[in-house]
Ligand code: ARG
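A single chain comes next, written as structure tokens; it is the form predicted on its own.
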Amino acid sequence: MGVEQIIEKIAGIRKAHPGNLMARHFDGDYFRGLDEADQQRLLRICATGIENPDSAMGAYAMNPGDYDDFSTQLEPMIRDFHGIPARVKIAQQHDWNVEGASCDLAAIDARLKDVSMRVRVARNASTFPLPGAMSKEQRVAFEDVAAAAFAKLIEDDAYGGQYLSITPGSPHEIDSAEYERRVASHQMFKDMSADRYLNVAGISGDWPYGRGMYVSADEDFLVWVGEEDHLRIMAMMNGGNLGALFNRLHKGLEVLSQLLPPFATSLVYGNVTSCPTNLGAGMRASLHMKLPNLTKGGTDLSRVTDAAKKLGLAVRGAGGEHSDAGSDGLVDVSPSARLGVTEMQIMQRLYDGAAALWALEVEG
């Protein structure tokens, strides 16, 4: 397909699917001005949005330097998603201090004192391509690097635990029954080879090689290896104390950063991630809330989705992206913005948003 045909095709996607941010902001003149090698690089970044017109973002970075190399194309998309006006400088700050913040969900309603809470950050090693561009050998090599770090973490009494691999032939390999058990318990990530968005981007390539999960002895600190990013580092608890959850993650992240290659970062965009939606803090903080009234018993997410969007939140089924709500109205609620907001601000938005959604739920 020639350059003009590509530009015309993306223009058609923009018209038919205005929510596709890649198509919405695709700059044909900029694309024409690139040399052939860079045109091919950019097309690979945009491939999922071209082949899947119903994509929301429509792009995945392939290498740590892509955001800086193709900022003319990617920055308007990034600003659009994260709600950062063109006149405002993108500046990522970090703040993990929860002292004095509203952290206790039970203060909203006693019925929220035992919800499923999860907070995770995406990190990528600067010494490897991002997952969409990794070879099978690179995926396995990175898993070996991560497993060596986890071996040291396991020796620490504050963590302990084990590394569980789904790479065939790995010394840490688990069987399919154990894998499915971990998926069902919302600890392990699902089979990525069934995801058409990740397939086109190359992120799910070579499944299941190079994939696995570290889990602490108390099962409250986990690390996914080889999912959408090299690492998804998370803390998960049942309860209502968001402050304890954030502190657990922060301490674990600091320990791991001393055991692994340097993480990929951008002076402009903060932590580098495969998907532009996760740039900046690279953080996704979420609650599993039962909202049967707002979801009509789990059959309709439209009302809760609209309400959440006005609060700067995203809602999806408890089973993950593209899943439906449970029959009891169980949904996953998380702040949308990651870039230009601190970790502490993300936590506060989650707390305030949960309070607002719960008030709507109680009203019926």
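Quantities reported herein were computed from a predicted structural model and do not represent experimental measurements. Start at 1 with the first residue shown and count on from there.
The following text describes the form predicted in complex with the named molecule, which does not appear among the structures shown.
message = Does any part of Asn278 reach within 4.5 Å of the named molecule in the model of the complex? Heavy atoms only, please.
response = Because a heavy atom of Asn278 falls inside 4.5 Å of the named molecule in the model of the complex, the answer is yes.
inquiry  = Test of understanding: in the model of the complex, would Phe221 fall inside 4.5 Å of the named molecule by heavy atoms?
reply    = Judged by the heavy-atom cut-off of 4.5 Å, Phe221 is well away from the named molecule in the model of the complex.
Interface membership of Glu143, the named molecule in the model of the complex, 4.5 Å heavy atom rule = So Glu143 does not count as contacting the named molecule.
query = Counting only non-hydrogen atoms and a 4.5 angstroms cut-off, does Ser55 reach the named molecule in the model of the complex?
reply = Yes - in the model of the complex, heavy atoms of Ser55 and the named molecule come within 4.5 Å of each other.
query = Considering the named molecule in the model of the complex, which of Tyr269, Phe246, Tyr214, Tyr197 comes within 4.5 Å of it through any heavy atom?
reply = For this set of options, the contacting one is Tyr197.
query = In terms of non-hydrogen atoms within 4.5 angstroms, which of the given stretches 247 to 255, 269 to 277, 149 to 157, 94 to 102 touches the named molecule in the model of the complex?
reply = Result for this chain: 269 to 277.
query = Within 218 to 233, which residues come within 4.5 Å of the named molecule in the model of the complex, counting heavy atoms only?
reply = The stretch 218 to 233, when checked against the named molecule in the model of the complex, contributes only Glu228 at the 4.5 Å heavy-atom cut-off.
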